[in-house]
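First comes one chain, alone, set out as structure tokens in the form predicted alone.
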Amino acid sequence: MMRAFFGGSFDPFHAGHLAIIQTILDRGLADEVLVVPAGHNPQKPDPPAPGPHRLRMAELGVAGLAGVRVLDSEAERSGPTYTVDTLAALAAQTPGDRWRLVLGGDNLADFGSWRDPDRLLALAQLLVFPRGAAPLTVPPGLAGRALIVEGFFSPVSATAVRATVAAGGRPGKLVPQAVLDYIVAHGLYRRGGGGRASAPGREALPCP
């Protein structure tokens, strides 16, 4: 079986994440997608929304989708979390299965700065989704180790969703309805609500 490891902040889970999952399944790029909301990424500030909220939003976002599981192995863990450790533990539980690690195109250039990138490449092939319309260049060290998903484009970003909510707006189709209802019910991303309004910088997919 081919499994895809899809890690990230999911802060919140939005339509772009859903599009990635559906593309993986529709194109037969994996038989199962494991969505893994991150705990503390040692290379980034803490996410605006706490781990339990992000975990629940991911669960709501993929509810009813066949071939998708949401794992709590990172979101509920204290201290820094690293993709290589989580993926190695999962691979040990499924001997004989193959793995693909989902990346955003903006993470490709700095993949070498992740913890133990060589071990990650031994565990999984990189499955890279472009962030914009510009063509991606695969670094020489990753030639043959990264599969670029051609023809994919999603303009949705978690930063934009958080900014819309913080300004008092409703992100509408940018997030699944169940996720939007959860954000509203828990006051997430509003000033003084259940999470900080926004976070600067780009949104990573898996944690290094």
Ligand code: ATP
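The numbering used is simple: start at 1 and walk along the sequence shown. Just so we're clear, the structure is a prediction, and the values are computed from it rather than from any experiment.
Keep in mind that the form predicted together with the named molecule is not shown, yet the notes after this line are about it.
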{"item": "Heavy atom of T164 within 4.5 Å of the named molecule in the predicted complex", "value": "no"}
{"item": "Partner proximity in the predicted complex: I20 to the named molecule, non-hydrogen atom cutoff 4.5 Å", "value": "yes"}
{"item": "Partner proximity in the predicted complex: N107 to the named molecule, non-hydrogen atom cutoff 4.5 Å", "value": "yes"}
{"item": "Heavy atom of L103 within 4.5 Å of the named molecule in the predicted complex", "value": "yes"}
{"item": "Stretch in contact in the predicted complex with the named molecule, which is absent here, among 115-123, 68-76, 130-138, 90-98 (heavy atoms within 4.5 Å)", "value": "130-138"}
{"item": "Among the candidates L147, L142, A63, V156, the residue which, in the predicted complex, approaches the named molecule to within 4.5 Å (heavy atoms)", "value": "V156"}
{"item": "Residues in 58-77 close to the named molecule in the predicted complex, defined by a heavy atom within 4.5 Å, in order", "value": "none"}
